[in-house]
Structures are given as structure tokens and as C-alpha cells.
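Starting off, we have a lone chain in the form predicted on its own, written out as C-alpha cells.
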């Protein structure tokens, strides 16, 4: 009994040490990930004096003037009235949402074709779609600006939707092709034996099997389109301007208004956070689907 008690105490100590170690590691991880977001939210509720106070203040009188200033002009800024922040917010939702939708729809179909069919120039086509993600936006911004100017797409929502669709299409094709490759072809062969057409097999068998991949693709494409800065700052000037370039231009009566920058940055995070909360189950399934499919 004494020996058993001794071994049990050792096991219990190791278990406690393991729990403490995990808590410490988790705390360090959260300090690098969650704390910056928490500090951004606190800064959005501070006035200018509290933002630049040293040492930093965790206890202060919160204010919503930074959020109000994003939507309403003050007399110091040239008279009362509405700002363009609401327009930029709507532009971001429309261009990022529709650009993601079209890229995912085309990527779902093109990825299936590249996974299941063999055609002339297939490898070259796949390399070309991947190469569109290799170039930095600065390298192609001038040709795109000239092309959009001549086509009448500059500073238009249609132009930004087309731009985000084409920018995300290569990523969507490659991600979806990887998920389709993990599905055994026997499923489709069984469907053909049962009398299904290729289109029915695609919609009734394949698509339900890659829901996680579609969710993952949608999440990655939306993040790129929602946070994209270079194209939006050059191609758009007023009517189709999105949030990222609008936040960079948050100039107030006293220069760069860091309170409004923090408020706008926190608003910019919310849609991405909400999206991933809704697709988290599908996203987890999508991240493990390729591994499970190869076992």
C-alpha cells in the first residue's frame, strides 16, 4: 500500500505539473494573440490624453466619441454632417463579399475539373493560376490601373469585385483541387452505376463531401479581399473606396486621430471574427479532411 501511495503521489505531481505548464503556455499564447485585440478595443474607448498616457491606463472613463467621429463630422473638421466611413464600410462588404462568392463558385467548379479530368495544358494552367499569387500587388498595380482606367472600371464596385475575384481564383482552385483529390473516385463510379449524371454526382455526392473545404476557401478568400490595401488605395479614390485605405487616411483636426484608427480597426476585425465563428465547425472539418482521406 505504501508503494502504491508513493507512485500515486508521483503521478499526481506530474499531472499537476503538466497542467501548470499547459496553463503557462496558453497564457503566453493568449498574451501574443488576444491581448493586442483587447488593447485595440480599450484604445478605441479612450480620449486622446488617455491614449498617450504613460504608463498606460487600464482604468479610465470610456467614451464612444471615437466611434461617433467615424460616422459624423465635427465642426472642427469642416462642419457637421456625415463622413464617408459608412460608404467605405458598405463598399468593403459588397466588394469583399461578392468577390469571395464568385471566386469560390468558380474555384469549386474549376478545382473539380482539374482534379478529375485530363486536358491539354492542365499543368501549365495550374501553374499559371498559382503564379498569380506569387507576384506582389505593387508589381502589377500600374498595368491594372491603366486597364481599369480605359475600361471605365476605375473607382467602381464592379471593378473591385472583378479584381478580388481574379486575385482569389487561383487560391480557390488549388485549395479545392486538394480536397477533391482526397475523395476516392469509387464514389463517382458508384453514382454512375446508379444512373446519376456527372452533374448530379457533383452536386449530390461531391459537394456535400467537401463542405469543409468550401468553408476554408471562403474564409481565406474573404480575409484577403476584406483586408486588401494596395489595390483599393490606388484603383479607388472616392465612390468605391474600402475600409483599409479609409482607415489609413483617418486625419482629424490634430493630425492622425489614433482613437478613430483604433475604433475603425476594431470594426474591421468584427466581420472576420463573426464569419469564422459561423464556419468554425466546417473549417475544422476542412482542415482535417485531407489527412483523414489519405488513411
Partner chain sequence: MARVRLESLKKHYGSVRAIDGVSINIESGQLVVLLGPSGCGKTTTLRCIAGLEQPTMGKIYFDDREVTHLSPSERNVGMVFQFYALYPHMNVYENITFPLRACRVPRKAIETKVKEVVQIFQLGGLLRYKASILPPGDQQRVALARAVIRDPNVLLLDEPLSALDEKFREEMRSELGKLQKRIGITTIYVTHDQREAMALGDVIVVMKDGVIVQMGSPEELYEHPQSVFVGNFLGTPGMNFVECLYDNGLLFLEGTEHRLSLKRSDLFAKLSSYQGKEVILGIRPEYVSLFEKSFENGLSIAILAIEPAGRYRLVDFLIGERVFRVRTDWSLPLIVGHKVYLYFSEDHICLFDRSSGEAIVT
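Residue numbers count along the first chain shown, from 1. Nothing here was measured: the structure is a model prediction, and the numbers come from that model.
There is another form of this protein, the form predicted in complex with its partner chain, and it is not shown here; the text below is about that form.
Chemist: Counting any heavy atom within 4.5 Å as contact, can you tell me which stretch out of 92-100, 196-204, 134-142, 171-179 lines its partner chain in the predicted complex?
Modeler: Single hit among the candidates: 196-204.
Chemist: Would you mind picking the one in 115, 209, 156, 83 that has a heavy atom within 4.5 Å of its partner chain in the predicted complex?
Modeler: The residue in contact is 209.
Chemist: Which of 127, 187, 119, 71 has a heavy atom within 4.5 Å of its partner chain in the predicted complex?
Modeler: For this set of options, the contacting one is 187.
Chemist: Does its partner chain get within 4.5 angstroms of any non-hydrogen atom of residue 192 in the predicted complex?
Modeler: Within the cut-off, so yes.
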